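Okay, here we've got a single chain as structure tokens, the form predicted alone, with questions on binding and movement later.
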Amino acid sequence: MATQAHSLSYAGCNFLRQRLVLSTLSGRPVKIRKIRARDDNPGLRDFEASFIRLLDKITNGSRIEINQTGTTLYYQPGLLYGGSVEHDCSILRGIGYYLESLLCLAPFMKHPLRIVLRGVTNDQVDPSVDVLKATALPLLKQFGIDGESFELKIVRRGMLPGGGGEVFFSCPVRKVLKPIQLTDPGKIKRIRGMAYSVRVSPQMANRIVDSARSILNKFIPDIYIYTDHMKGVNSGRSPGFGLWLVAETTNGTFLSAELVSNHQGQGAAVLPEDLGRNCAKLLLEEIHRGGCVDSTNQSLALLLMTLGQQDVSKVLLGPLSPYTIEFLRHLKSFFQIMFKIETKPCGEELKGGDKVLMTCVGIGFSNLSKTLK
């Protein structure tokens, strides 16, 4: 364990979440310098400070040091503790920003995590809570993370700029993860989705559905898009509308796309018809990229493969996103693991874009927190 102790050093604010999450799982301290050092407003942003506070809440014995200007951060991870937690997220980023990292950490807690997050449920930057529920939860189930206490639900929707959303997430703990073999995505069999509107006319959602269907009906007949209009207290503090779509394949792969209207005081108003059509096109683009995991969850799948038992895991992905490529570099730094990457050019069987087959042998990560009673 002595080799694990030396800390890794990074510069800049990019990929801050990746570094802190992998540091927590590997137990290796990390020092990040020059965080926006040349910026007019240097140092950590509000949403990053909120993320660090969240890590502090779910771990026990973490040591966090930040210098006065906020440009240098030293993080020595403690044990993942879990339990019941409440956290007010910064409204500068969506709840998805925090939830993506919690999905990586939650299975390895000492006590099952039950957390209430408050903030913005749907924004244009981070994956929405709806999409994570539709795509990331089935992915976690493939690795054997499942049970009655595994749920993610939106209690209240919150749009920018006011927020006011609330989400409940609970996840059981696992000592080891199953290796996976996801090499055949299968064919698209149905498309599901939801058009939601808050503090605007419920008619908006119906207009979105009609325009999205006008494009998707040419692709596949089995389409069902729900409408969700939250009223009163459950509708957050700001008006807005949006759509998320998920295509499910015969082999249980989920590919997603989503769009949200511009919030008050930001850019031109978006017509619901345009939003519906553009979101449908985004989904078709994601289907074209293909793979067994959609682009939002590539890094989550690779992390869980790394932490799996000492057995071979394989997953077929569409083109790797820049975020995923950087994540692979970080996995090598923190866990000394390398993936075998084989490109699968678009041939007869594989429709759509060029695919990448990722293979690795898990490090046999065992949930140490779970055994300490």
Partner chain sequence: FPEPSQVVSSQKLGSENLIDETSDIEDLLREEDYKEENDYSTETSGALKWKEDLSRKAAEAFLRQQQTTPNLRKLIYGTVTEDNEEEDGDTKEELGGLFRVSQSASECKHKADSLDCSRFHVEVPHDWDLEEVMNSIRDCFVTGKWEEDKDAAKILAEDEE
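The structure displayed is predicted, hence computed values, not measured ones. Numbering follows the first chain given and starts at 1.
There is another form of this protein, the form predicted in complex with the partner chain, and it is not shown here; the text below is about that form.
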Identify, from the list K281, R199, R213, K178, the residue with a heavy atom within 4.5 Å of the partner chain in the predicted bound form. K281
Out of L113, L275, L182, I287, which one falls within 4.5 Å of the partner chain in the predicted bound form, going by heavy atoms? I287
Close approach of R118 to the partner chain in the predicted bound form, 4.5 Å, heavy atom: no
Residue-level contact is defined here as any heavy atom of the residue lying within 4.5 Å of the partner chain in the predicted bound form; does D46 satisfy this criterion? no
Does at least one non-hydrogen atom of S238 fall within 4.5 angstroms of the partner chain in the predicted bound form? no
Check whether R174 has any heavy atom within 4.5 Å of a heavy atom of the partner chain in the predicted bound form, and answer yes or no. no
The partner chain in the predicted bound form: within 4.5 Å of a heavy atom of each of G27, Y74 and F334? no
Work out which of the listed stretches, 76-84, 262-270, 148-156, 90-98, brings a heavy atom within 4.5 angstroms of the partner chain in the predicted bound form. 90-98
Neighbours of the partner chain in the predicted bound form among 17-51 [non-hydrogen atom within 4.5 angstroms]: R17, R33, K34, I35, R36, A37, R38
